[in-house]
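Single chain ahead, by itself, as structure tokens, in the form predicted on its own.
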Amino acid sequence: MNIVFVIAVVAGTALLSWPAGKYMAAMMHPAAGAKSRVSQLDRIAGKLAEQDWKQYCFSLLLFNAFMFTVTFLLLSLQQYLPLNPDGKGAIEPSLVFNTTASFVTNTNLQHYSGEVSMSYLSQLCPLMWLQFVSAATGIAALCALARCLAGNVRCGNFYRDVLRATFLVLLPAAIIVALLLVAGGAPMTLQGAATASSPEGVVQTIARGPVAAFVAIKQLGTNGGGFFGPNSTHPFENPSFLTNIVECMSIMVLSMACVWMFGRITGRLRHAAVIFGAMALLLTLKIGFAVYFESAPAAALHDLPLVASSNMEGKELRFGSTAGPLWAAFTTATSNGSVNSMHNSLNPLAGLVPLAGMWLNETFGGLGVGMINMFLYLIVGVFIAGLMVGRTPEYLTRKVETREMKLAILALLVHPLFILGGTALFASTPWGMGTIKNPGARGFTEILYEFSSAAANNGSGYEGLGDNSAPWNIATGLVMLLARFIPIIIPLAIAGSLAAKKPTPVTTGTLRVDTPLFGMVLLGSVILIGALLFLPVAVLGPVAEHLAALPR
């Protein structure tokens, strides 16, 4: 039964991604002269000039700087602003910086509990607004990359693309999912916290709010920020088994659709199918490992009568033992980061799966940026294959030369630099060692997970870590900002460089990128590079903890 559930969710999401990708391509890159909602929105926005990749990147950075400034001010002043029926007070400045950086970068790493710290205005205006426009930024960047790879030096207009992604893609999808969540029991109100009395006469204060709207875009936009501290383990965010399926599929569907959108914009659907297949195989392997390793009991239950049961520590009984590891694989294969079980309660090797998802950061990945990250592996893959056959590497009829390879390697190395550098610093200083509650390998994994989550713009946490401190808030905030924009700008620079080159004629010796053979090359490149970069820390953390917990 567990296998049927997993297959149904994964296959259903993959099937939905095909029409979703077709719709996204029509909205983001309509055919010339097509009359639709796109042209109506473009008329409202006014005439916006086409931009090359440098102008596009400048607009992207300028827009995000504006978002950062507005959000920082609103969060800093929330105690003076309306829509605060529960009287939420001031937020500590380093936490304001961290939260602003987190939501601007589509990370939604939360060093706070939403129902405790944030007013309704803070939840709705800066934070939920950012969940739309930060996701739209990723979609826009992917569209610009695809247009360059299709041979266009002018890759669109950033502001027009963000408008299209927000109002024509994300908003309609969020309305549909929000209605499903309301029907499933999620609250949707602007009234303050409710009070209730237990049969014993104890008065309880029950936090609530506009939860359904917030949760819908948090999942669809691969944001992941929870309205409540427990995130999607909270019964108001995720009331039932059916809402759990809706949210789980929402995490992945638009990221999968981005691959098909990329194929349609570049005019190479068969190439997109190869990429989709490689990503899907990696995702399937991660789900299989997560479910398998979590089927073993927790180490604390070894040699007890319950030893034959699966690990239910930190799991929701409403969802069962399989929904937790499936969600963990989904949420870290993308940059979503929401949880329906506590990742800190996963068995050590099951906990390695979400870490691997964030280390690779391209198994469908964040909305738009996952496919951008995979583009870097595509460049490396064609370069390796070109060397093997003794030809100048080519990608989509453009030669991949020294400049493109240098940029690709730089972008690939930035990711482990932030993860490993941050982990080394905090694992060797009181900034990190003074905040862990579990000694040994588990404490090391908690620090490693936090920096992996920040660098992958994921936002999930291993918890058990006192991370709401000034060093953690500032360090992870800086990592989130740098790890968001460097891996967007460098691939756009590569694509712009390729677009400026003359296409080379296709011959019998040209490496085709739409065959199963190239899919294997691509898959091998991802696994080999990931293993070389992160296998040592995997051994120091989850693997060491697993070996230490084995019965002797």
Partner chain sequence: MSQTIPIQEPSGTEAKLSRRKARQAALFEPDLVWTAAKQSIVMLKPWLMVRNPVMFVTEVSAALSTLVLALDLQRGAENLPYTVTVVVVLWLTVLFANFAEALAEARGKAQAETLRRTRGTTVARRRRDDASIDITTSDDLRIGDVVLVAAGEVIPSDGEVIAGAAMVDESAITGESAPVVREAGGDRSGVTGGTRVLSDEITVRITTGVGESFLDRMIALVEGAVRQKTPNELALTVTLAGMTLAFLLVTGAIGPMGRYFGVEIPLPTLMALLVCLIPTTIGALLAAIGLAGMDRALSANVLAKSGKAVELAGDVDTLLLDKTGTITMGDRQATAFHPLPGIDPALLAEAAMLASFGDPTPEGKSILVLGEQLLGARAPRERTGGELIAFSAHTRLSGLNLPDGRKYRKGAGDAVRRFVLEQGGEIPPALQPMVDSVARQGATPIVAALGGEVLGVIELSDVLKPGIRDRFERLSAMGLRVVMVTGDNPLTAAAIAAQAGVDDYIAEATPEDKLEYIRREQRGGRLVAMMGDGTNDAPALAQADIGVAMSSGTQAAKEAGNMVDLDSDPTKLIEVIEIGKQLLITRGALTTFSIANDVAKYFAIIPAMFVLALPRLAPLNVMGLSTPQSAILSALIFNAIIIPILIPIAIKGVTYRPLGADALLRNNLLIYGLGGILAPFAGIKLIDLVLGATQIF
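Residue numbers count along the first chain shown, from 1. What you are looking at is a predicted structure, and each value in this text was computed from that prediction instead of being measured.
Below: the form predicted in complex with the partner chain, not depicted.
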**Q.** One residue of A207, M312, L420, A411 in contact with the partner chain, assessed in the predicted bound form (non-hydrogen atom, 4.5 angstroms)
**A.** L420
Q) Going by heavy atoms within 4.5 Å, which of 221 to 229, 402 to 410, 178 to 186, 159 to 167 lines up against the partner chain in the predicted bound form? A) 402 to 410
**Q.** in the predicted bound form, R391 touching the partner chain (heavy atom, 4.5 Å)
**A.** yes
Q: Answer yes if any heavy atom of R512 is within 4.5 Å of a heavy atom of the partner chain in the predicted bound form; otherwise answer no.
A: yes
Q. Is A427 one of the residues lying within 4.5 Å of the partner chain in the predicted bound form, judged by heavy atom distances?
A. yes
Q. Quick one: does A495 come within 4.5 Å of the partner chain in the predicted bound form, counting heavy atoms only?
A. no
Q. Looking at the partner chain in the predicted bound form, which residues in 496 to 516 have at least one heavy atom within 4.5 Å of it?
A. K502, P503, T504, P505, T507, T508, G509, T510, L511, R512, T515
